[in-house]
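Listed next as structure tokens is one chain, alone, in the form predicted alone.
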Amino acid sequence: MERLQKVIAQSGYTSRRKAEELILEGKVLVNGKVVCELGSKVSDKDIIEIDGEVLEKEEKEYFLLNKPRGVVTTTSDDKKRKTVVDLIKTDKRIYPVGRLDYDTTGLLLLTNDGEFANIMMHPNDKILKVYVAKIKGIITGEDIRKLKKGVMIDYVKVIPKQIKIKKIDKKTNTSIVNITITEGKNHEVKRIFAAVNYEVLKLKREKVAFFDLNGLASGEYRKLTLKEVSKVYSLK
């Protein structure tokens, strides 16, 4: 017997967090009956339905995408904008692991493995996210020290794991800064710099855990290797 939300996630339907939301919203049926309790357990013989669709297991797929600017990190968009899923050729129902803003570029993982997604999205010191930010203004050493001490976001103190000035351009009045975080709050990097009055003009995610963008141009993607998938599960 396994917890219902875990079974849904393992099927590739969605992440465990989203599965929990669906259960609480009363959208999940087990053997024809609505189940709203997160502690409910099911077996292989039970028939699970979500929004009238019978849950079926499918082969797992894992992709690493170098997300271009101007693409939304979702599976569909009511404004008819191009999504990250549109960039990948597959007949599986994959979804992004976490998110990048519309104007943010760089490394994004996609999969139909809910457990994999849950591991990668859970705050963890082993899952570092490295960004390169181009900001408006010449950032000072004093402001870097402030950021290293931490800033308040949503009433929680956020401390970057690492922050370093990469380049300063006085002609264009801009700075390039490398910043490493472990959390996954909305617009986190932009809000970190905003806390010391700097606007992020461009933002690119270059690394997540042991994954990087080596060999991938903007818009290109590759499948993960079995070794890489196993390494993610070892972070659990």
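Note that residue numbering begins at 1 and tracks the sequence as displayed. Note that the structure is a prediction, hence the values are computed from the model and not measured.
FYI, the form predicted together with a small molecule isn't displayed, but the following is about it.
Shown alone, this chain has one stretch from 189-197, 34-42, 55-63, 165-173 that lies within 4.5 Å of the small molecule in the model of the complex by heavy atoms: 189-197. In the model of the complex, the small molecule sits within 4.5 Å of a heavy atom belonging to residue 100. Heavy atoms of residue 104 reach within 4.5 Å of the small molecule in the model of the complex, making it an interface residue. Using a 4.5 angstroms threshold between heavy atoms, residue 116 stays clear of the small molecule in the model of the complex. The closest heavy atom approach of residue 203 to the small molecule in the model of the complex falls within 4.5 Å.
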